[in-house]
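Below you'll find only one chain, the form predicted alone, shown as C-alpha cells.
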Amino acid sequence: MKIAIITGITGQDGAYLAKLLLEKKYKIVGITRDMSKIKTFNLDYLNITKDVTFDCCDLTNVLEIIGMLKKYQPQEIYNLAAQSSVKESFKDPLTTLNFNILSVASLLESIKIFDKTIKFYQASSSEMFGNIKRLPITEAFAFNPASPYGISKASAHWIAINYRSSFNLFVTSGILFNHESFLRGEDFIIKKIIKKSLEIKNGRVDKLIVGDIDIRRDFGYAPKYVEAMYLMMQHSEPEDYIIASGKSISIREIIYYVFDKFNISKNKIVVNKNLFRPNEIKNIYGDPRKAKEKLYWEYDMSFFNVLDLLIEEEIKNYD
C-alpha cells in the first residue's frame, strides 16, 4: 500500500485529493500544525475523516519534517499548505511570504536529506503570472506576480524547480487556475456570490456587496483539478503543468447568471470600491494542452455547468 502525506488536507483541494487517493487504496496522513484547532468539515462532508491519520508538524522546521518522514515512510507528499488568500496577503505580506516560501524549502531539504526517492507535488498558482498582455498563458511564460501571495508562490515554484534540477528529486508542480466547489472557503468570491444570493432570495440580506466585477478569471471544477495532481505524480518524469479550463469569464457574468437562477434583481448588486485589490489582474486564462496531451487529463466543463452544480449543492445544504 502506498503512503501519501497531504499538507493542507482540511482545505478544499486537500479533502478532494484525500478522497481520490483513498479510492486508489493509499494510506493517507494529513498534516496540521495544531490538532486542537483542526477543522474537519470538508473531510466530514466527503465522509472520509475516519480514514485519514492526522499528525502535527511545523512545516518550516526541517528536524520535525524529517521526524515525520521517518515515522510514516511516505512514497508521495502533496504540499497544499499555504496562506492562500490574495486579499490577506496584502494585509499581512510577511506571514504569507515567510510560510509559503520557507515551508517548501524545508520540505524539499528534508526529502533531500532523508530519502530522495520520495515524490513531491507543489501547489503552484496562476497568481504567479500577474498581469499578462498575451493570452492564454502557457508553462513557458515568465512570472510577473501582482500580489505578495503571487510573489510567495513564484518563489516557492522556483525553489521546487531548483531542487528538481540540482538534486535529481521527483518534484512536480501544478499551476492551478481558479477552481471551485461546495467546499470552497467562505472568503472566496464564487462561494460568496452563491451564498449571498441564497440569503437575498430568502430575505436574510438585501444586497450583494462586491469589489471589481469586471475582472475576468479562468474558473474550473475542483474535483476534476485534483485528478491532474494525481496524474502528475504518476507520470514517468516530473514536470510543471498548467491546469485550467482555457477560458475566462467575468465576475459580472457569474453574478448575473446566479441572480437569474434565483430571479433576483440586478439592483441588488452593490459595488464597493474599498473592496478593490491593489494592482488587480484584469484578465487571465491558461492553456491546459500540455496536461491533456502528456497526462491524458480530461476537462471540458463550461463554468456555467459548474455553477449549476455548485448552486444545487448550496441549496441542498442551505440552513
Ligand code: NAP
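What you see is a predicted model, and the numbers here were worked out from it, not measured in a lab. Heads up: residue numbers just count along the shown sequence, starting at 1.
Quick note: we don't show the form predicted in complex with the named molecule, though the next part is all about it.
- Scanning 83, 155, 75, 144 against the named molecule in the model of the complex with a 4.5 Å heavy atom cut-off leaves one residue, 83.
- Note on the partner interface in the model of the complex: the residue among 196, 179, 217, 164 having a heavy atom within 4.5 angstroms of the named molecule is 179.
- In the model of the complex, the named molecule sits within 4.5 Å of a heavy atom of residue 124.
- With a 4.5 Å cutoff on heavy atoms, residue 27 does not count as touching the named molecule in the model of the complex; it lies far away.
- When the named molecule is considered in the model of the complex, residue 120 lies well away from it, no heavy atom lying within 4.5 Å.
- With a 4.5 Å cutoff on heavy atoms, residue 70 does not count as touching the named molecule in the model of the complex; it lies far away.
- Heavy atoms within 4.5 Å of the named molecule in the model of the complex belong, among the stretches 32-40, 286-294, 61-69, 250-258, to residues of 32-40.
- Heavy atoms closer than or equal to 4.5 Å to the named molecule in the model of the complex belong, across 126-150, to one residue only: 149.
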